[in-house]
Ligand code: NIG
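A single chain comes next, written as structure tokens; it is the form predicted alone.
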Amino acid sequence: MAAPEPGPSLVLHGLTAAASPAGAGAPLRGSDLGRVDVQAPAAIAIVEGRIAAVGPPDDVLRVHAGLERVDCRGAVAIPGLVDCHTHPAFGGDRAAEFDLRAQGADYERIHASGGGIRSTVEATRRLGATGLADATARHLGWMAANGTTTAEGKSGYGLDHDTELASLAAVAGPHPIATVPTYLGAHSVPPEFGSADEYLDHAIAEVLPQAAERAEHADVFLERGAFSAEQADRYLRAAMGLGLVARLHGDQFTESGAIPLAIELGARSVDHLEATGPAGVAALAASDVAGVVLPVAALYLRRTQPPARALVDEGAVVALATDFNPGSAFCDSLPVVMTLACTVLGMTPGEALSACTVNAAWVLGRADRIGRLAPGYDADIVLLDAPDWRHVAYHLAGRDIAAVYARGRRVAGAQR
């Protein structure tokens, strides 16, 4: 991937406080996950899109006296949020299925009847490359307005050669925020193939080599009715052989071998985990595989929430993400995810902040430059119109985001 252009140089001053996950390492586990350093009051110096200093206002302003000054008028700064699991490249919507679920239909029954992923595949293929790029940019704009400055984005709603590659191109951008493309070729079996094995033969031979030139990660939906552990193993080994980082959708509805496979392969993460039991929690905690929990998906589908508290307490690497998609998690707001983390997952505000910043950045292989407010890091900064950084989780769907900076450039403003 090409290095981004240098950003602007300026000083954000007038901050009531700047809050950032404590320490310098990644990923954060156990009690370290909830520790937050707060500088109050604060100023942040930015030089060519990177943070040069975070500290007392007088000190920062004196050392960086020649930089443009931006008066933040009592805002509180936190790191730009990192969404490490999203599906932004799609066409259409599934509002009708949302209605059906409200009437009692479950996800698996909708999927088996030709709805679900397959209906979005049809709508996405109809968009064409230009329409897909426009839709993806719109969805990423929604995320930016809610404080996301880096978003992973998956393909997986094309499931053919041209649409999958167009999806990866749409995610790659360019966009005002940073993106990380993931090839989710093994999302579902499209209708033109008779079996999962037949489709995987096609995806591995005909699409994966070109996808590997455009993506950083490869993902698979390992679940009853989608792909088995054996099929996921074949797909991911092929992807890893081409240099892609392995990730898995796993344990959403059943424990079907996702965690053991992820550990065996050295995958970066297993995402969902609604069905994960104590043995799975212990296995993840003893590994370097992250558990990415997606509380909005469990909420939408009325599933048991993933065991985030147990994962943290056992010492697993835990990250949070929106799972933004048209069917089971139509939510582009990491602050809403943080609220759910604190209200239904049993996490603290500090744990939620670190899980949406440092640990999510680690899942994406970028923890050395995003996820903290610290010298040397990209100037990805969210300004909160609030008296305390914890309002980002405390105020459910609140209009607290005053401004969003990505590498020092303002990419979103007040929601008021």
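Start at 1 with the first residue shown and count on from there. Worth saying up front: this structure is predicted, and the values here are computed from it rather than measured.
Another form exists, predicted in complex with N-(iminomethyl)-L-glutamic acid; not displayed. Remarks below refer to it.
This chain appears without its partner; in the predicted bound form, the one residue of Gly327, Gly280, Pro335, Pro307 with a heavy atom within 4.5 Å of N-(iminomethyl)-L-glutamic acid is Gly327.
Site annotation in the predicted bound form: the residue of Ser269, Thr124, Thr182, Gln252 reaching within 4.5 Å of N-(iminomethyl)-L-glutamic acid with a heavy atom is Gln252. Of the heavy atoms in Glu164, none are within 4.5 Å of N-(iminomethyl)-L-glutamic acid in the predicted bound form. Contact check for His217: every heavy atom lies farther than 4.5 Å from N-(iminomethyl)-L-glutamic acid in the predicted bound form. Within this chain, Tyr235 is remote from the site of N-(iminomethyl)-L-glutamic acid in the predicted bound form, having no heavy atom within 4.5 Å.
Proximity of Phe227 to N-(iminomethyl)-L-glutamic acid in the predicted bound form: non-hydrogen atoms within 4.5 Å are absent; the residue sits far from the partner. Only one segment in the set 143-151, 258-266, 318-326, 204-212 has any non-hydrogen atom within 4.5 angstroms of N-(iminomethyl)-L-glutamic acid in the predicted bound form, and it is 318-326. Contacts between stretch 81-99 and N-(iminomethyl)-L-glutamic acid, counted in the predicted bound form as any heavy atom lying within 4.5 Å, involve His85, His87, Arg94, listed in sequence order.
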